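One chain follows as structure tokens, the form predicted on its own.
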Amino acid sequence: MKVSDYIADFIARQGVKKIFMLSGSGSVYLDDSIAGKNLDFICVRNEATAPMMAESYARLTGKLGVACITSGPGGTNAVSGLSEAWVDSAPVLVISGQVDKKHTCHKANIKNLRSLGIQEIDIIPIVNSLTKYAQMVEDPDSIRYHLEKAVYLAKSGRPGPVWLDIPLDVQSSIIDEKMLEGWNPEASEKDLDKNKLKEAVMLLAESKRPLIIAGQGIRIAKSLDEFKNLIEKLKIPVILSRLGQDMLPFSYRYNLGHGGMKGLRYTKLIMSKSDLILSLGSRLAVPFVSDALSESAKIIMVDIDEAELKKPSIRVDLQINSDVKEFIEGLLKEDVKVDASDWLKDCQGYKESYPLAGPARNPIDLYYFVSRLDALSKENSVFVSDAGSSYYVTGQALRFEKGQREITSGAFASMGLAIPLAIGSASADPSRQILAITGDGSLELNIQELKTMSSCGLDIKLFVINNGGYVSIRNTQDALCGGRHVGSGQAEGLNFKKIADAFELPYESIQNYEEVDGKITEILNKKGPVFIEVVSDNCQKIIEPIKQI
């Protein structure tokens, strides 16, 4: 059996339904085996987007995402997508082709040798800091070992990407699969510290204004049901991180919505008044907690990644390095006495006092548009948002009352991810309708993938916010730089109808708030991809959280 065939079979055994790839001479055997084994694949237009699509596939399914790319510039192109999977904790396997071993810088082992073979670069040192495991496979008989180790590490603990670099002469080598040695993981998961669990129980009992901050680690740990049971047991309010905001419907009485620097209006106020923070599956990122917490508040942080507990940006009184599922299950078994009924009423009062309602006016207010799209969306739809205004407004306006999900760039809030994340999401579950919202600035960063979207016939409705480009950057420059606009001035404007036509996408436009509901309903009932231009306010202001009233 050829090594490339073994790799394709191994991927199929992982339950992977879609591979994201761009064929190249350095990965020719890998590409051929993927096609020959009848694995379903999507060919991207730029390797940068292959790991992005694999990431959204992994985050939506909870399974492994796979990208296959060629050598040299194919690998370096993919680094930006790899970094997204790294910071947003997605289990992605990137397999790169490579030139024959004798033509690699790695094999030559000459200091400062930059490139040797055709389109060759030593990719492993480049990706080491962005992966949980990265290795060039030099011995064909070690392929099972490296694949098993890579996939285990990608999915265990805090998930993340892994990378295997396969030279051409290894790809084409013949092996006896029955003679291959596998990899056996050592027991590495830490048991829950029962003393720290008891201390958490004591702190909860002493608190008067406890608050749970919950992140996507809960979903990753497959502990959503246990988390909901814990909320009902403790009866204390919850604020959600950006990547965790789709875990609970907004109408749920304990859910206060999305927090952080661009969270809902009242969330920073509540966070500042809380005397105890119980963080579950959230890394308590700088933009989430910066100047929001009281200096006297006790902070309990449960995180499977020990590094997050040690970072200098947050003072943690009780560090619990544990799988969040194990901690929640342990807490459910404890006799926890918490009396936060008055505090809960206060929090619910803030929630009711600051409703989010964008005005029905022209030019179209982005909060109004996103609220209507959310209300009219179908059950189990997937929202995908891009950077800037699209990112901030969806973070505040989506309500998730019908089992919808959201896939977005969490840690980076990067421009240009909406289209590749939408394609990965649509590939993960074709039964879900994908509602992607991007800006006229972000659109251009990965505009080439519109062809992937159209050629695959995916059920993606892409709403392009036409607000003159870079509104959120202009707002920041107005606030901090005296209104000097550097590289963010209103663009001359793209002809979106021509763009849609060029990529063979049906085109629609929404230019008046009075037609929003009717047009959205009509568009969501169409089959296949649609490109929709939404002409909105080019002076759109983003609602900022308040810390005091």
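Every value quoted in this text rests on a predicted model; they were computed, and no experiment measured them. Start at 1 with the first residue shown and count on from there.
Omitted from view is the form predicted in complex with another copy of the chain, to which the following refers.
A single residue from the set Leu180, Val336, Val87, Ala360 has any heavy atom within 4.5 angstroms of another copy of the chain in the predicted complex; that residue is Val87. Between the options Lys149, Lys132, Arg219, Lys461, the residue in contact with another copy of the chain in the predicted complex by a heavy atom within 4.5 angstroms is Lys132.
Taken together, the three residues Lys18, Gly62 and Asp246 lack any non-hydrogen atom within 4.5 angstroms of another copy of the chain in the predicted complex.
The candidate stretches are 405-413, 293-301, 327-335, 134-142, and the one lying within 4.5 Å of another copy of the chain in the predicted complex by heavy atoms is 405-413. In the predicted complex, at least one heavy atom of Leu445 sits within 4.5 Å of another copy of the chain.
Using a 4.5 angstroms threshold between heavy atoms, Pro430 stays clear of another copy of the chain in the predicted complex. Remark: Val201 does not count among the residues lining another copy of the chain in the predicted complex, judged by a heavy atom distance of 4.5 Å or less. Within 4.5 Å of any heavy atom of another copy of the chain in the predicted complex lies no heavy atom of Ser272. In the predicted complex, another copy of the chain lies within 4.5 angstroms of at least one heavy atom of each of the following residues of 110-134: Ile110, Lys111, Asn112, Leu113, Arg114, Ser115, Leu116, Gly117, Ile118, Gln119, Glu120, Ile121, Pro125, Ile126, Ser129, Leu130, Lys132, in sequence order.
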